[in-house]
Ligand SMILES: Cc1cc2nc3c(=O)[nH]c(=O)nc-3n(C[C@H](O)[C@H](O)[C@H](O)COP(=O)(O)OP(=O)(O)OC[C@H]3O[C@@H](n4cnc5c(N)ncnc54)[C@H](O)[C@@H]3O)c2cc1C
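In structure tokens, the next block holds one chain alone, the form predicted alone.
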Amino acid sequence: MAGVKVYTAESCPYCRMVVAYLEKHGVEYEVIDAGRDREAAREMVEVSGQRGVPVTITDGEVIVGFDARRLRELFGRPVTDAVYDAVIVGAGPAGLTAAVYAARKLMKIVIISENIGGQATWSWSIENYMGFRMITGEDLIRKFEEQVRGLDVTLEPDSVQGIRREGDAYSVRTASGNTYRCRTIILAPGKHPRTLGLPDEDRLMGRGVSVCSTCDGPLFRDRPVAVVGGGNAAIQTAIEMAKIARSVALVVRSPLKCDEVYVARAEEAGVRIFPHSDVSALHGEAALTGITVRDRDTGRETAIAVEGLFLEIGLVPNTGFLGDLVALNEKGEIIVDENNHTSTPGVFAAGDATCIKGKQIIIAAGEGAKAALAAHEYLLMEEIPCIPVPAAL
């Protein structure tokens, strides 16, 4: 289909998934970097009303985000009836590492994910991954992806909607309507950002309110913005946005919980910090124009004019699609043992969506490797060869 335009930003994982989907299905398209080109950003907002990427325009239709179902309706083809040794759900550090280890064991695998990199791509800078003094999340995941794409691994840009057990096999259903059959599952779905739960939040999402600063941050150059959160992710976002935004306010519900090294950097960058405070209201009709900040100690409210609001207030496991397939804990995390087995035979899990305490990129990658090895061992145990009968003497 001719005339497909994709508005993107350099560090947007969902943008890469749209492009990957179009390339996979042989669709000609034009990429427009709205993060760097201000006129392109203005054009995107005018056409779609969105202040977040990706936005795809085709035949006058506007597709917001990575909408696997709609993309399949327009461009997709049904999958084959192949049976895989493993379906890997998620393409973050855990899922991608699992793919590398599974491929090295000559397992036939497919990765299904609505983004490449997961939470790792949202990191402006990573200073605790071995082998790199400092690297951006985008660059680190690009190295992961390059290694995976050099192997015999199928990567499907899609979102898993449900998994059903069928005898000794599993059936994985996706948002685009495809179904994949497999003998084992490796769950590495990661987490998604928590939201404020305020009135008008859904309406203003993508119209000033954002859960992906590395995706949408460049669209707010020279504009006033605010960040909500008190951990490393929040203060890093505030520091990086201070380099391009007109002003940055950091709203922190409790005392800062970030590493001390970031506090001085934020102060030097001119970030205005509102401690012990909540965002109590959002303002704006077509787009965000401001927020109200309420002091939790005094109750006093302050109106701040901002055009961008980046939410860094925690994450929720992406486990809603699992139903009763595996046991979950009270946080909605997948319960695994020390070898990444879940409560269901043939289903393994790794990464931040599991009960493993350390939520770090390097830990997720290691757990992904363990899950792949456990899946391979399971397949070997299920296929114990017959003992040869000795020849007659």
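Residues carry their position along the shown sequence, with the first being 1. Owing to the predicted nature of the structure, the values given are computational and were not obtained by experimental measurement.
Quick note: we don't show the form predicted together with the named molecule, though the next part is all about it.
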- Query: Only one of 247, 171, 147, 125 has a non-hydrogen atom within 4.5 angstroms of the named molecule in the model of the complex; which is it?
  - Reply: 125
- Query: Which one of 71, 160, 204, 304 is close to the named molecule in the model of the complex, taking close to mean a heavy atom within 4.5 Å?
  - Reply: 160
- Does residue 359 reach the named molecule in the model of the complex if we count a contact as any heavy atom within 4.5 Å? yes
- Is there a heavy atom of residue 336 no more than 4.5 Å from a heavy atom of the named molecule in the model of the complex? no
- Can residue 113 be called a contact residue for the named molecule in the model of the complex at 4.5 Å between heavy atoms? yes
- Message: Although the partner isn't part of this model, could you tell me whether residue 315 comes within 4.5 Å of the named molecule in the model of the complex, counting any heavy atom of the residue?
- Response: yes
- Item | in the model of the complex, segment of 219-227, 239-247, 194-202, 114-122 with a heavy atom within 4.5 Å of the named molecule | 114-122
- Message: Going through 93-108, which residues have a heavy atom within 4.5 Å of the named molecule in the model of the complex? Please give them in sequence order.
- Response: 93, 94, 95
